[in-house]
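Coming up is one lone chain in structure tokens, specifically the form predicted on its own.
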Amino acid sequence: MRGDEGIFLKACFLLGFASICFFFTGLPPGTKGGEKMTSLPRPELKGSMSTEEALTIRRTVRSFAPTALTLSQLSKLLWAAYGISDSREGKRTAPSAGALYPLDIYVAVGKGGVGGLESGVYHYLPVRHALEIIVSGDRRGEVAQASLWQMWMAEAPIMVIITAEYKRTTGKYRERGIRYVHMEVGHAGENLFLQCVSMGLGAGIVGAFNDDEVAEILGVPPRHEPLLIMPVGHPR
């Protein structure tokens, strides 16, 4: 009996340790992400455009110039979408039911799409405000093909892909949690839209794509279901 109790306590400890590691780093315990990780510049929190102006100007963009983004611009965009706004409590820029944060943000960076960043698929780690490379190489064309051949998407220097792990929310709210996740995707997407406009950039929005194909191209975990793709860049 004592041996069984020891095994149980050890399992509880390991489970708790894994949860803590994931919460604070965005990586499972034992994951060596340092060599694959790119720290992002601290985002500027002052802009030159009011919310009212951004709301008035915002439009869906489907044609992009081949101008690269800077790493600072990418930093600000990702922070606006789903970054940490309160480091003490871990709150983010998008509201989340129960503060469970079921979304993950991926970025498909094209060749020369972001200055100082190699082409590839990156996973945004909000707590570290950093990028972890998942897949090397320019995957924009493949994503566009998997999106019913909407090839205009591949013109944008980057594509932001928002995925959801439903269990993070449905574990508490059950079936109703699915609705909460979809609401949260809308919050994050609008954050990104408005931040783009305030920086003189533009974004498209795509919901028509083959989920499984996009997930495979991006190399995301099976539990991360793609819900939204937003090509971002300088409007042509």
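Residues carry their position along the shown sequence, with the first being 1. Remember, predicted model here, so these are calculated numbers, not experimental data.
Form predicted in complex with a small molecule: not shown, discussed below.
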Quick one: does K36 come within 4.5 Å of the small molecule in the predicted bound form, counting heavy atoms only?
no
Proximity of N210 to the small molecule in the predicted bound form, heavy atoms at 4.5 Å:
no
4.5 Å heavy atom contact, T60 to the small molecule in the predicted bound form
yes
Is there a heavy atom of I205 lying 4.5 Å or less from a heavy atom of the small molecule in the predicted bound form?
yes
Would you point out which of 107-115, 90-98, 144-152, 128-136 contains residues with a non-hydrogen atom within 4.5 Å of the small molecule in the predicted bound form?
144-152
